[in-house]
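Just one chain follows, in the form predicted on its own, and it is written as C-alpha cells.
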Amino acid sequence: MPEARQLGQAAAPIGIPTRLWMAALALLIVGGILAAPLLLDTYIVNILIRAFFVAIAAVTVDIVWGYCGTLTFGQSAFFGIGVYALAIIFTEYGFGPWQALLAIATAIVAAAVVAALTGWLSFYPGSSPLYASIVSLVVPIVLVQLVYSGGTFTGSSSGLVGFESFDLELENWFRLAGLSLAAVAVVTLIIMRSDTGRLLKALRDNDERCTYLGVDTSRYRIVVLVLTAIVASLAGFGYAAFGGVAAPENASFTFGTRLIIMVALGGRGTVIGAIVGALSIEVSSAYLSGSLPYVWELIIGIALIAVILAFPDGLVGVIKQLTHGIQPFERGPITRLRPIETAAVKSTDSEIALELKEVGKHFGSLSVLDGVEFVAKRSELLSLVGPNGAGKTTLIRCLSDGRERSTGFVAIAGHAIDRQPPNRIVEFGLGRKFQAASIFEALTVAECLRVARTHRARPSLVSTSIDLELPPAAISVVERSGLLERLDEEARRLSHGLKQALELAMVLSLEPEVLLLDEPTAGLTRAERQAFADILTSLASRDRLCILLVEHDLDFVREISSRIIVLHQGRIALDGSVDAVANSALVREIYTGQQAGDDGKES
C-alpha cells in the first residue's frame, strides 16, 4: 500500500499546548465557582443560580440551532417538563429519596418521548427547516395549554408552589448549578470539536449533500433533539428544585423565544456565546425589572438589535475580533492522507451496473419523462444529451431518489431502488454529483472528505482523527486537482474548479459503482475541462465505474464518451455509438438551435 501523505503548515507559531491551557482554564473556572458565593452578596447569588440553569437550556438551543441549523422554540417545553415533573411529584407524593428519583426519571423519560415525537414530525425525509421550526413553536404552546387545563394537578395558570424540596445551603446551590453548567459546556465543546460535531456542522451547512453521501440526516437530528431535550429537562428540574415554584411561563413560547435571543446575543455555534448571552440577559433583567418595571424588556430588545446589527456573530464574535491574531493554543493536528483498499472487487465488464425499465415522471397530466429504458455496464462512460426541457436532470433525480419517479423500475448494481431515499440508495453503490458544486463551505477540504466517509467509518464522539483515509479513486482526484496542498483550507476559499473537484472526490469517497454527473464542467476553464476529462476516462477504464454524464458540450462528450443517449421531450430519441449519434440529424438540429418540437420545460 502506498505510504501516507502528510500536509504540513509552514512557520507555525509556538503556543501553549492545548491540553495544558484547557486544564488551567478548567481549574480557574472551577475555583471561581467554588469561591464566588463567598464573595458575592445574597441577591446576586440567587440570580446567578437561576441563570446557571437557564444557561444550560440556552446551550441546548445553541446545539440544535447553532450547530445543527434548526431554529427551535421548543427547548422551553422540555425545560418546563423538568420543572413540572419535580413540582407535581413532590406536591402529590411529598419529598423523599424515591420521590426525587421518580421525578428525575419522569423528567428524562417524558422529555425524551416528547422530543422523539417532535423530531419524527419535524425531520421526516423531505421536510424543510421552516417546517421543523413551526413544529417546535407548537410544542410549548400545546404544553402550556395542558398545564392550564390540568386544574389543581398542575396548578393551572397559578402554577404549583409550596412543595418541599432539597434542603441545601445557598452557597451549595450556587456550586451545584455552576458546576453543572460548566460540565455541560465542557462535554458539549468536546463533542462539537469531534468528528461527530463536524458531521453536525455539515448537516447545518448542506443537509441535501449529507443525504446523498449516505447520511441518515433525520436520525441524527432526532437523536440530537432527544439528547438536548433531556439536558434541558434536567435543567428545569434543578431550576424548580431551587426556586420551589412551577409556573406556566417556565414552559412557554415566550421563554423559548428568550432562549433564542440569548443565543443570538452571545453568538450562536460557540457554546460559550449561549452562556454569555443567558447570564447577561438574566442578570440585567433581574436588576432592570426592579428599577424599570415597564421598559426593561424594551431596553434589552433594543440592545439585542444593536448588537446583532453591529456584530452579527454576537458578543463572542466581538471578543474574537478584539483578540484577533492572539493564539493561546497550539495549531490543530496536521492532516495525514492515507489510501485504503476499496471495499470490494468489481465484477466483469459484462455485468450490468445500471438498469432502467419504463421510467416515467408525471405532474398530473404533464409528462416530463415517459418510457425511458436502457442499461449501462461497468467501465462504460455514457453521456446523456438533449435540449433544455428534455428531462435530463429529472432523470438523474429519478435514479438517485426512489421517491421521484412516477412509474417504472430502476436497479443499481443489481439492487432495485424501489421507493428508497437517497441515503439508502448510496448503499447500493450510487454516487451523485450536482451541477453546482455541493460541498460544505464552512468545513475544511479534509473535513468535507471525512464527512463523505461517514457511512463507511462511524465518527468518533470525543476525538478528531488526523488520518484522512480515502479510496484510490478519491485520492487520485485530490492529487491531480491540486487539493492535496489545500487539505486544511476552508472549502469556501476554493476556486470554482477546485470546488467541483472536491465534490467529485467526496462522491468517490463513497466507493460508488455507478457515478451520476450533472454538467460537471459548467463554468470550468479549458484546462480544467481537460483535466476533468482525463479524470473521468481514468475512472471508467482504471477504476471500472459506470458513469452517466449529463452534458451540453458536444465536443467534450465526443472526447470522453463510449456511448451517447439523446433525450428529447422526455423520451429516448437516439441510443448508440459516439460517431453515430453525434453525427445524426437530430443532434445537429439540437446543437444548431433548431429545437423543433421542444416544449421548453426546464430539465
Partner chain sequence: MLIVALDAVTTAALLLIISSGLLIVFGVMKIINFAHAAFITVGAYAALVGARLGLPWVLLVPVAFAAGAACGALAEVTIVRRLYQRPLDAILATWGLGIVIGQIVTLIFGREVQFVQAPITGTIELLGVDYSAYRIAMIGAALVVALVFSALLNGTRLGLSTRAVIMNEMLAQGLGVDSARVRLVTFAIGSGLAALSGALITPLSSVDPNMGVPWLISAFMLVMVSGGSLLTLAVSSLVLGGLQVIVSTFVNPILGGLTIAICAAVVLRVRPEGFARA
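Residue numbers count along the first chain shown, from 1. Note that the structure is a prediction, hence the values are computed from the model and not measured. Superpose the two forms; the largest set of C-alphas matching within 1.5 Å is the rigid core.
Beyond what is shown, the protein has a form predicted together with its partner chain; the following relates to that form.
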Open item on the list: Is L71 near its partner chain? Define near as a heavy atom within 4.5 Å, in the predicted bound form.
Closed with: yes
Task: 4.5 angstroms heavy atom contact with its partner chain in the predicted bound form for Y294 - done: yes
Task: S476: touches its partner chain in the predicted bound form, heavy atom cutoff 4.5 angstroms - done: no
Task: Distance check, G301 to its partner chain in the predicted bound form, heavy atom within 4.5 Å - done: yes
TODO: Work out which of S149, N388, S495, N172 lies within 4.5 Å of its partner chain in the predicted bound form, going by heavy atoms.
DONE: S149
Task: Candidate from R268, R405, R209, R221 lying within 4.5 Å of its partner chain in the predicted bound form - any heavy atom - done: R268
- [ ] Tell me, please, which stretch of 444-452, 510-518, 407-415, 139-147 lies within 4.5 angstroms of its partner chain in the predicted bound form when heavy atoms are compared?
- [x] 139-147
TODO: State yes only if every one of L20, L28 and F242 has a non-hydrogen atom within 4.5 Å of its partner chain in the predicted bound form; otherwise state no.
DONE: no
Task: in the predicted bound form: members of 243-260 within 4.5 Å of its partner chain, any heavy atom - done: F253, T257, I260
Open item on the list: Quick check on F311: with the core superposed, does its CA move 2 angstroms or more between this form and the one not shown?
Closed with: yes
